[in-house]
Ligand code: SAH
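Just the one chain here, the form predicted alone, laid out as structure tokens.
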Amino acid sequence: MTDTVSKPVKYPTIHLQASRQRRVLQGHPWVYSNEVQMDTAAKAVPPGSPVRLVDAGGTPLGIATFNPHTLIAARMLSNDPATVVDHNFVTGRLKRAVELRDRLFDRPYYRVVHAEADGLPGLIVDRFGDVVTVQANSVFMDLRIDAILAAIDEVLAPRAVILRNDSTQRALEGLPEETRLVKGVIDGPIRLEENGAVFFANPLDGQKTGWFYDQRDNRAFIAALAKGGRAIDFFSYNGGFGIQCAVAGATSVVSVDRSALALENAARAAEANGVADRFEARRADAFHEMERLGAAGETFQVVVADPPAFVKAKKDLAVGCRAYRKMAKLAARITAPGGYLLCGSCSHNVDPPTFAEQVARGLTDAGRTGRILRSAGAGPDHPVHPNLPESAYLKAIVLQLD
């Protein structure tokens, strides 16, 4: 992408090591620290600076963010070495992202910016009508938060803006965690819409940015299978899967979560959608509840198990995989013959084949067979950079069980 240039700016120059430019030339948005000539000059560049990236011979490769203290040392902003990273740059990228979402969705409830895929690496912006949440996961974005907020005001004009700078990714950049309201007033749960249903979220207190838009399409798919049957949603959070099953015609829905606040929002959504008479909020540990229901011989036509990340770091992979296998086994045991099971994972350290393998092993452990109806990732407001497939973190497998 070529960005508008107002006037030339001289950024620090960072050289790659010999023959290490190939990935950048092929479009990869990251440069690792062991690919950089990390000399005294490079180490002296302040973390979060925009830099002019060049190969070992001095040929320009583009403009990037730079942090000499992190594994991902540089994140590409543009392959045009004349790009100026100013207000026009940020606003232009934001406008482009909003134009895409407004073409994808007819209501203003979506992820506005999804980091690298939207040309703003390290930045997450979610939109809840006239409320916006912002997460800066790099030093570069954190240092420019005022400019980002100004661009958001210009493009979206929200009544309230919340900084949800509490992700674990910030620690990797040496940044503190914080959550604060930077504009407007939030005096309770905010209202949002998804797939024709109404929901409520607490962007100041809830998980992540308050809502998981990434599962939008997977919720619609499983809800369409729930008509006329019982449904149960484990790790339900604010009730996204369960409420949509009820709206689609499930005879009864149970949302299971350990958070009282999340279950209150789910119950509020059930009332708002006119399905409170078919909805139950059950505060419990998901694994314990699955085991209890299995021992009691209860079954459901639709079972959803969409947990928080079990593998937050590569060192947790073996333990996390065992947890996904156990989850699939317990969920399969309470899925009625001919019923439908959705297993989800948001652990980016677990690739799709590994997750599918754990789900399959869990089915075998439960003595169940069936067929995969859908293997999907996040919705289109969570685009994936074509040269960064590892950022496709979400996995959702829907099966019909015999």
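In this text, residue numbers run from 1 along the sequence as written. Source: prediction; values computed, not measured.
Keep in mind the form predicted together with this ligand is missing from the figure; the text below concerns it.
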In the predicted bound form, residue 212 touching this ligand (heavy atom, 4.5 Å):
yes
Wondering, does residue 155 line up within 4.5 Å of this ligand in the predicted bound form on heavy atoms?
no
Given that the partner is absent here, does residue 236 sit within 4.5 Å of this ligand in the predicted bound form, heavy atoms only?
yes
In the predicted bound form, residue 284 touching this ligand (heavy atom, 4.5 Å):
yes
I need the one stretch from 106-114, 179-187, 81-89, 285-293 whose residues put non-hydrogen atoms within 4.5 angstroms of this ligand in the predicted bound form.
285-293
Consider the chain as shown here, without its partner, and state which of 95, 191, 101, 258 has a heavy atom within 4.5 Å of this ligand in the predicted bound form.
258
Answer option from 174, 228, 308, 274, heavy atom within 4.5 Å of this ligand in the predicted bound form:
308
